[in-house]
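Below, in structure tokens: the form predicted on its own, a single chain.
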Amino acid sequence: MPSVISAPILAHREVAPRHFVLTLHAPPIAASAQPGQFVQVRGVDWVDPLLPRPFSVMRAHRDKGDIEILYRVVGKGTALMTRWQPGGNAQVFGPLGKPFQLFPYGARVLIGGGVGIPPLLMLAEQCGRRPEAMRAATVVLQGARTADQLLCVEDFQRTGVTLELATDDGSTGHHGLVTDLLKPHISRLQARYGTVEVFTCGPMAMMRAVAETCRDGGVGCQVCLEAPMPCGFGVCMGCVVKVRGAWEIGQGSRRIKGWTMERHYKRVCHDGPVFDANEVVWDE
């Protein structure tokens, strides 16, 4: 169950231009948060803006009861957050939303950029705890415009999974889009492990390209969508996304799922933020 708590601020640091990591002591949230879930955060004395801001959980230290979020300064709320200091408090509500669904077998590709990186770091740390033989079956692909906009690189390296970088200007790693790297890795991992699942979060154009590559290659893909979430639990209808209707037969490993031409809307905060990439209507 989600918790609403006044969480002590333990640490607050700038990790890249206009990007900050906030560490909060929130034991009930740390105990149950899963990769892909998010929290709603606001100042305890906020009047303007009134509403909280949603942020993916980047880390959950269950032993210490701490969580970490990464945010980019984009408006009034996040600008106010930059003033917060250790020793203060923030109001936190969560964990919210549906997490990534992981199969116990096969290879995994995590691909993202920008502030879509936090849920992928939490997922990478979980993958890094797999047996050593399966750790090599996880690849993280991270992209950014320039090298100084790459986030949490050392944190990904510490997970023990394979990390490959791409920058639009060629200042680090592959010179080009991070999506350029996806198809070759899928082919390599399919040849070695058979089953591949892709997990992505980041700009919509990037996720759409990832979804198309996975669809064309017959590879499963889960997307963690970002949207304004005024309430965070499905009441205000402020974060809807257009999706396809679904059908499903069978159970467990014999389950077969497909999509219809029917269109309707789902709430990112309540029905997601993680969706099957084939469910999302990208081209309308």
Partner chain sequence: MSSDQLPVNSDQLLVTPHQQRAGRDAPSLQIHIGPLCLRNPVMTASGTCGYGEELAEFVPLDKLGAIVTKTVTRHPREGNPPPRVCETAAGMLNAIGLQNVGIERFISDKLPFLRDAGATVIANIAGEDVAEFAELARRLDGVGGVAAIELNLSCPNVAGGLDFSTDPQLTEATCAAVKAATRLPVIAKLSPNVTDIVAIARAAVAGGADAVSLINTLVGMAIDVKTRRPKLANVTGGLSGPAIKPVALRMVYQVAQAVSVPVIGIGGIMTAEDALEFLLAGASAVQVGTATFTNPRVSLDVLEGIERWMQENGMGSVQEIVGGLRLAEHVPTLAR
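Residue numbers count along the first chain shown, from 1. Just so we're clear, the structure is a prediction, and the values are computed from it rather than from any experiment.
Another form exists, predicted together with its partner chain; not displayed. Remarks below refer to it.
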For this session: State the residue from Gly217, Pro27, Gly245, Pro228 whose non-hydrogen atoms include one within 4.5 Å of its partner chain in the predicted bound form.
Result: Pro228
For this session: Indicate whether the candidate residues Val47, Gly234 and Met237 are all in contact with its partner chain in the predicted bound form, with contact defined as any heavy atom within 4.5 Å.
Result: yes
Seminar exercise, completed: Note: its partner chain not shown here; in the predicted bound form, the stretch from 111-119, 158-166, 140-148, 93-101 having heavy atoms within 4.5 Å of it is 93-101
For this session: Answer with yes or no whether His12 is in contact with its partner chain in the predicted bound form, where contact means some heavy atom within 4.5 Å.
Result: no
Exercise. Is there a heavy atom of Val281 no more than 4.5 Å from a heavy atom of its partner chain in the predicted bound form?
Worked result: no
Exercise. Taking heavy atoms and a 4.5 Å cut-off, does Arg263 contact its partner chain in the predicted bound form?
Worked result: yes
For this session: Flag Arg42 as yes or no: does it have a non-hydrogen atom within 4.5 angstroms of any non-hydrogen atom of its partner chain in the predicted bound form?
Result: yes
Exercise. Which residues within 53-76 place at least one heavy atom within 4.5 Å of its partner chain in the predicted bound form?
Worked result: Arg53
